[in-house]
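Next up: just one chain, as structure tokens, the form predicted alone.
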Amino acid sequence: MTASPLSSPVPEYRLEVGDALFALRCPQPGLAEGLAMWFDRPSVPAGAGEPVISLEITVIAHDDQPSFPRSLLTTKRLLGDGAFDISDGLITGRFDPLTGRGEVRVKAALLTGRLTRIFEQVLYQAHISARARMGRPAWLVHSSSVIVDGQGFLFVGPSGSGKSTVAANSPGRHVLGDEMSLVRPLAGGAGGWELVGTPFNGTFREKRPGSAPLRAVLLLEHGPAHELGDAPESAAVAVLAGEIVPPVGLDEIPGPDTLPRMVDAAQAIAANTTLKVLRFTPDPGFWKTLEGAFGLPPLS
């Protein structure tokens, strides 16, 4: 007997961010496949575990020309009972933090080309909600990240400082990404941090999944030559805090404790890793400087 459309299961795209598994329910044809293409990775198999967050994604056709805020949090409003509105209807939805289930309705324009990067911010919020449900702290950080010799290197700085340049000039190395990395405590309670790749920023195709103990946080600065210098902890914390994704879940908006939590996270990370300033020019030569400073093997 052939199942009727009403009894057919809704297609899902399952996405893992660190150890947090999302199920994105995609009732519209082609949506699950489109998400898999954007993130450049297949759906996590259904038997791999229970999702922490389950969201039904609905794409809304529209005739208007919506505006696209750089940050979805700046235009987010809570409507009560878990409902929210972002940018006057660009994205609407509802989320129940007790069950981890919700729905998101997004105007079609936001899932077109590079604008999908803005939509990813909804999943940043989903990640914050997932961490709250799991009781396992972890932080998304705007950064590029590379694994060398089993060690993780996190490159941070404001927009234009060179995160994508670092990734593009690391051929032959294990590049986790050029936009968004995850930092979480090392397992076993031994102290220190683990650097984990994320699926975010679907436009950078050279990234590979993976994780490694965090060896160093490198604050990026453009300079006339490749040079590694000491980074005062206070300065490193200020830069790092500014690149941490605000800890605001799907059913939340920024509040008075948002920035202090970002600073606290930056201080915790800085206190348990090496901090350096990397001044560099846009070529792969900076790796010679890092190899010498950290005792890394040269690229074969």
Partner chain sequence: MKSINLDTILVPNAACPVREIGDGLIIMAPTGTATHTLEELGAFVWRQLDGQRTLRQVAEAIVSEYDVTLDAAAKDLCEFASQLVAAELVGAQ
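Residue numbers count along the first chain shown, from 1. Everything quoted here is computed from the prediction, not taken from an experiment.
Beyond the structure shown, there is the form predicted together with the partner chain, which is absent from this document and is the topic of what follows.
The partner chain is not shown here, and in the predicted bound form it never comes within 4.5 Å of any heavy atom of Ile57. Put simply, Glu33 is far from the partner chain in the predicted bound form: not one heavy atom of it is within 4.5 Å. By the criterion of a heavy atom within 4.5 Å, Pro232 is counted among the residues contacting the partner chain in the predicted bound form.
Taking the partner from elsewhere, Ala238 is found to have a heavy atom lying within 4.5 Å of the partner chain in the predicted bound form. Residue heavy atoms within 4.5 Å of the partner chain in the predicted bound form occur in exactly one stretch of 42-50, 264-272, 61-69, 25-33, and that stretch is 264-272. Within 4.5 angstroms of the partner chain in the predicted bound form, the stretch 68-97 places no non-hydrogen atom at all.
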